[in-house]
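Given next are two forms of a protein chain, the same chain in both, each as structure tokens and marked structure 1 or structure 2.
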Structure 1
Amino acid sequence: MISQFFVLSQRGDNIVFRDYRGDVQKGSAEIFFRKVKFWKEDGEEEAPPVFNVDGVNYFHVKVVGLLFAATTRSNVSPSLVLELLQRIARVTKDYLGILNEDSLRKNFVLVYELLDEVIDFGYVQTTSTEVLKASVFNEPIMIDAGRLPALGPASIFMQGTKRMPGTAVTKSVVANEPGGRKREEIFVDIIEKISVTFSSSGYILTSEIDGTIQMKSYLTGNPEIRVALNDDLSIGRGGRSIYDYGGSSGAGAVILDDCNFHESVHLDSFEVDRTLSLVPPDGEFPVMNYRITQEFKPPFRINTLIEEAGSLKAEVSLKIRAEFASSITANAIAVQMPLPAYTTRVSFELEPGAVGQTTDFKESNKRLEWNLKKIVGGSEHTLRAKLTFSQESHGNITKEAGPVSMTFTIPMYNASKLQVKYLQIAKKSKTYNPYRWVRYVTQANSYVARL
């Protein structure tokens, strides 16, 4: 299985290192970091998640700015090792509450204890937080979450105090709060990653939603929980077209192509009333994964126009329109567009009064970048760019530029309309009323508009 496991910071500092088999040289972490930092093979800027150097296979994933990596000389399944790295990161976060360089350094004794229980001589034993509680005895040293920068998916739910408690994503599942109390609460997150491809005329060519219902429980005694989903939810199309909304499910019904459930979920009443019953294990876990290819309303429309403006010049007009309600705000929007290879200079013109927007021209790979801090639903934003070329275009300029790609995060919005209607917890007493938090977020997986 794996020979070594290590965690590196963005600077390449070795935070955690465990050698399980002794068949890979000790300097492998330095070799790995130099290879990742200065990767220039195959015309790619970023190193792939799996690569080989001198007979050693390197695997890595990036989690909140940290590099979780493993090495082996064996021919193992890449997807198995990448999944293991993700699970180690999740278990570590379950125990530490906050996953960053500071928390790993302060809790290195606990982290090494976890690693020794998760992996033995390179072979995986368990990645279940529930099972590990029986054999891991060190208490985590908690870090003040108030001093942390908003970073990664954890921060997407920190949008306003009404929707979110401050402790939502920074609590350990094993440590009590100050005073020995444990706040009774449960979090259910509906996270959807959407992939859409638009044609040059704005029609949707392909659309897909890859969703998951995540749960994190801080309830003592692990009571039974019932999660109710949409009544008109159906699984499988039964041969109907994706554009046929008028079937027995009714207009706008949520149709899942396929789905799978966590092993703790009981499906006895799912076929009858679309409720899932489960006794949640400790830690964060996916209750349900699902995939939808039924056509849905995309959150953004992208209009792009590129035309020549003389022998060595061209103009680009990029327009983005938010197609969701004005009460919803999208964050961290990034738009990229490859330009013709002979582009030498780009001058940008933003709309008057534009705030929180930045533009850049990456000369190394001839790419236009436009970043917006936030976009309010219903609004429209335009970028104009004037391109200067080193030679005349000898063909259709639209074939040498594009496509336009976009990344974003939209809290409290989901494209599929899948909803948690209620979250019922088995009562231990009349006064038992734990906090329930249901959150939605949509992220771009592959959002592309052709020219």
Structure 2
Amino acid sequence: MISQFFVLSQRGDNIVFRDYRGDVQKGSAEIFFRKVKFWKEDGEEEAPPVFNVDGVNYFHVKVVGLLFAATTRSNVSPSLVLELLQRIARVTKDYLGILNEDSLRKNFVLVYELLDEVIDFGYVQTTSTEVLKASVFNEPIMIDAGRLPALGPASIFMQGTKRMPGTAVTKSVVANEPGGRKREEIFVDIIEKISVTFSSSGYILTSEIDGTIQMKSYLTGNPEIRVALNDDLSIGRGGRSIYDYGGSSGAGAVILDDCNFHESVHLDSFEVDRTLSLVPPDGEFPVMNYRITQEFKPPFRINTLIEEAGSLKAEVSLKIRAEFASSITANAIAVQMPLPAYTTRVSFELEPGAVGQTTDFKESNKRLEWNLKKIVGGSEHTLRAKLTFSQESHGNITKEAGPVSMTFTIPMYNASKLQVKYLQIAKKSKTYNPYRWVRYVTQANSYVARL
């Protein structure tokens, strides 16, 4: 049973505050915010998502820099509450199109309306955007999508200059298009987050893909949809299979370690032909989540060299090679490397003719940062840096620096080779032919190369 729900801005202001049971004091949001902001317990510097102060349990999740929080005095399931907080954020986004502090402030009355129906007296009633539509009457006030930061959620599907309709990420489920008519369209996104750890010799120590097939439907009348995946998809694994790197795309079976599905998905024919059938509810939701530890070809190879160059000096060379097709471009690449704690100055040397690259040395945490706007498949980029130290290093300098970590987004690329073979929409009439978008994107979760 949840007592209160509130959303706090980064500065700790209440954007919405709803009390459901009246058994937790009014100042709870303030107590909560101070605790989170000045957390120092057990040597930890970051407040865990759940903590207890004077018998009140505080839950929070961070979404787009805001704190979605709930309180309760009962011993509830932490998973349930955290899942719920995340879900409230998602439903709100479905309504507002864009979820940020600005849109929340402009639409806080609508959010109250939602909250009224989502929870009653601390008991969850529904989080289905579809069901909520019947009882939410405020019109969302749209904020200008153009002001979104360039690397915001809308841009992850950008591929070079061809722009995919980013609107799916920013369009409210209840708002109409300027023309007054809703556009019939459906988006299926295959989003894969990859984690790879390379040993100092470049050998892959661990690798994992956490994937989601996400759907967002703007179809009227809720037609049934069939999504077909690779025929040779298999689930569960006996042992590690030897993956054939040589094959072209599509070759080699995709083996999932495990997967799970959204409530609405019917798996009747999944065992037979790997198709999922569902009547998609309104709003954005994950159709299927999956996890793969089968080996895959990592998109980037990282080569790092750090060597002492005379007393109080060292040189770093960072080389990144994009090992994917040249038709594909990775965006927003950031490479980070912790340097020895006694580093005082760093001078960088980019390769000649480098465009869209920036470098920085973060004095406060002794970190080297290298940002690249994009990397085209097959290309290779190098950064050289000269370090100046304030003291002699103790012997092995490679133990004082690294590991190198990397973040990136690669549109229209998926590491697992899991594919949506087709997307079938039950036809209402001959002229009914909604837009279907199937999009792939791969992002780095934890991409690390050790020294």
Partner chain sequence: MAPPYQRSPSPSQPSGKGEVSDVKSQLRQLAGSRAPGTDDSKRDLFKKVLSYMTVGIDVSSVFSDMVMCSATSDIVLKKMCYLYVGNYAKYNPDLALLTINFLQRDCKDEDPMIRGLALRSLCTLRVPNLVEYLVGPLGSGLKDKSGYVRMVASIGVVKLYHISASTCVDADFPAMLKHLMLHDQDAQVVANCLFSLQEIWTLEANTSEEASSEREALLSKPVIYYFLNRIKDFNEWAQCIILEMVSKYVPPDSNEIFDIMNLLEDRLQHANGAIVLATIKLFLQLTLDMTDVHQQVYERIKAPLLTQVSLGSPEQSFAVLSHLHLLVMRAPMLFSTAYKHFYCHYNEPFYVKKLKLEMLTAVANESNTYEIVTELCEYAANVDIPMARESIRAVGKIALQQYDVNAIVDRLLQFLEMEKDHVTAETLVLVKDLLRKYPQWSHDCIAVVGNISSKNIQEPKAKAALIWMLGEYAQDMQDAPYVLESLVEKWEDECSAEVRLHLLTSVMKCFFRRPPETQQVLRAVLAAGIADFHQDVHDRALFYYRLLQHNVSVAEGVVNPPKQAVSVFADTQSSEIKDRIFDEFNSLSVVYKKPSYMFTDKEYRGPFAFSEEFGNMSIGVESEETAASSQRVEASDKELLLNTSEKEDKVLSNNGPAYSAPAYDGYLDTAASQVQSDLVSLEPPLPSHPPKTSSGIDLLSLGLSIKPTPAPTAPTLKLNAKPVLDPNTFQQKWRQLQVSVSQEISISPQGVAALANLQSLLRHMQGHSIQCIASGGQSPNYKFFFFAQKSEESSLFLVECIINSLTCKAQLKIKADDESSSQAFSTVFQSALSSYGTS
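Keep in mind it's a predicted model, so treat the numbers as computed, not measured. Rigid core (definition): largest C-alpha set, two forms, superposition within 1.5 Å. Along the sequence of structure 1, residues get numbers from 1 upward.
- Structures 1 and 2, same chain in two forms; the form predicted on its own is found in structure 1.
- The two forms, fitted on the rigid core, differ between the two structures by less than 2 Å at the CA of residue 199.
- In this overlay on the rigid core, residue 78 has a C-alpha that sits 2 Å or more away from its partner position between the two structures.
- Comparing the forms between the two structures, the C-alpha position of residue 65 differs by 2 angstroms or more, with the core used for superposition.
- The rigid core superposition between the two structures gives a CA shift for residue 55 of 8.9 Å.
- In the core-aligned comparison between the two structures, the Cα atom of residue 20 sits 5.4 Å away from its counterpart.
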